[in-house]
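In structure tokens, one chain follows: the form predicted alone.
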């Protein structure tokens, strides 16, 4: 796994040729049990690295289209899985916990529910106020700029735009780690505001 902007954060990726972007997983290494967010498949090297860092306690999924390798990882590690309460009735894999807007997965990792994306109640996660982790709605197909899903993928564009406005109002965001595409490691709130201006 690759070191990210904080010593307790790592990322790894899988290149998707159809969309010509990376799909990204994030690992937060913490004393109370490590957390993976939207994990893609782990190489043997990444498995060994993760195990050396203490394995995984929780897997957090931002939406049902990002189950990715969560079930396989959970089967091998006995990690628990958490996902959006908005998809509770139809989620494709077993979950141990359903996350609601405003709660903390664990101390320091806040849940932000988004509306209007391609799945109901998609989640973004705010890590200690400064790192925003997004699933499908906010993404980046070009380095240095953020975008959103195309209109034809959205359940409700007006709600989706309002959700992005909500993210842009997070005052301390420096980094935006996207599930799909290029992450932004500096001036994250400025990039979110630039995105809002295009919507």
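None of the values given here were measured: they were computed from a predicted structure. Numbering follows the first chain given and starts at 1.
Here the subject shifts to the form predicted in complex with another copy of the chain, a form of this protein not shown in this document.
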Assert contact residue (another copy of the chain, in the predicted complex, non-hydrogen atom within 4.5 Å, options 145, 130, 169, 159) equals 145
Spot the stretch among 130-138, 160-168, 39-47, 57-65 with residues whose non-hydrogen atoms come within 4.5 Å of another copy of the chain in the predicted complex.
-> 39-47
Give a yes/no on whether residue 193 approaches another copy of the chain to within 4.5 Å in the predicted complex, heavy atoms considered.
-> no
According to a 4.5 angstroms non-hydrogen atom cut-off, is residue 198 in contact with another copy of the chain in the predicted complex?
-> no
All of 5, 17 and 185 with a heavy atom within 4.5 Å of another copy of the chain in the predicted complex | yes
Of the residues spanning 79-114, the ones with some heavy atom within 4.5 Å of another copy of the chain in the predicted complex are none
